[in-house]
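As structure tokens, one chain now follows by itself in the form predicted on its own.
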């Protein structure tokens, strides 16, 4: 049994931004048909949904986030990055228990779903809690460790890589570490060996601030990217989160190693970290994806706001309104994010691919007139347009209602109660 969407506009994103009119069917967790309306329907359906001309597209992929950091939303604002981390974030994080990761991340999943996000690339503590939550809620999650000198170990990471890549179809695991400035050279060398062992990519925060790059140059005489490459950490690719201050040589390494830059414009703007060289990265053919970062620094987990900021800030930086098109940005949010996260079966809509998708309501004033649906999504779209979000063939959000096994009001009460305890 599956679901039939009909009278739909469909943006498959297979090769281009062409929008077709017709139907999309699902069977279990996969897409079973995309195309024009059929006179005879042989497959039985659990539901048949008339979309009345609304748009189906691949779900957005949040390619960098810290889901449980919803507990610090609007708690430590208006501070420079290092003060924000060392004086506010780290002390509060030290108080967290495993069950807190589960409950605060559930709040994030509500927000992802209402933004049309069908998968997140989550870097945080207690991966067992996020893996359990993914299965319990039905939300696709790729885990990546924040390995550093203060918690977690190489042995734990190796064990997690093997465990969570065989845990559940909704859960996978990539290698990574927090950042060069929190991680010893010995740990990075150990991670390089594990990357070689599994022939796996590595992901990390990279060149987020001027101070980060200057500190690495002082310690090692190299940028963070050059250091990681010299240590053999990038032999199998991977990606960097933020990448605001990549040099030309760093970009050469990203290109050579097939790495992805994950831009986090909302967080970088709010923390005054800077604006990456997005136009130059795209010109060089370096793939880019988009992340929200955590709610502690960005405050909201909204892919529409991130898409607008990616292109808007790039245009402002270059003083050129023609750079970083809406089409390129939408590709970053859907296709490139999936590739970065290793979700090759969730990058576009086609028969046999995973049924990870969202439906946007075009019958809203911000989507009219329909001169260009793609440009409307990036330049005027918002969460109010998300009518439905499906993950693995199951509808988890529809018209303001969530289907993840718990009443949202109960989630809110628990989150507020626990936050008061943590602050007390």
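Numbering follows the first chain given and starts at 1. Because the structure is predicted, anything quoted here is derived from the model rather than measured.
Not on display, but discussed next: the form predicted in complex with a further copy of the same chain.
Enquirer: Just one of 338-346, 110-118, 138-146, 220-228 has residues with a heavy atom within 4.5 Å of a further copy of the same chain in the model of the complex, so point it out.
Expert: Heavy atoms within 4.5 Å of a further copy of the same chain in the model of the complex occur in 110-118.
Enquirer: Considering only heavy atoms, tell me if residue 124 and a further copy of the same chain come within 4.5 Å of each other in the model of the complex.
Expert: Residue 124 lies outside the contact set for a further copy of the same chain.
Enquirer: Whether residue 286 contacts a further copy of the same chain in the model of the complex should be assessed with a 4.5 Å heavy atom distance threshold; does it?
Expert: Because no heavy atom of residue 286 falls inside 4.5 Å of a further copy of the same chain in the model of the complex, the answer is no.
Enquirer: Check whether residue 272 has any heavy atom within 4.5 Å of a heavy atom of a further copy of the same chain in the model of the complex, and answer yes or no.
Expert: Residue 272: yes, in contact with a further copy of the same chain in the model of the complex.
Enquirer: Does residue 74 make contact with a further copy of the same chain in the model of the complex, using a 4.5 Å heavy atom cut-off?
Expert: Because a heavy atom of residue 74 falls inside 4.5 Å of a further copy of the same chain in the model of the complex, the answer is yes.
Enquirer: Using a 4.5 Å heavy atom cut-off, are 169, 174 and 424 all in contact with a further copy of the same chain in the model of the complex?
Expert: Zero of three within 4.5 Å in the model of the complex.
Enquirer: Can you pick the one in 99, 249, 156, 320 that has a heavy atom within 4.5 Å of a further copy of the same chain in the model of the complex?
Expert: By the 4.5 Å heavy-atom cutoff, the listed residue in contact is 320.
Enquirer: Exactly one residue in 192, 200, 279, 300 has a non-hydrogen atom within 4.5 Å of a further copy of the same chain in the model of the complex; which is it?
Expert: By the 4.5 Å criterion, the partner-contacting residue is 300.
Enquirer: Enumerate the residues of 201-233 that have a non-hydrogen atom within 4.5 Å of a further copy of the same chain in the model of the complex, in sequence order, or give none.
Expert: Only 210 sits within 4.5 Å of the partner.
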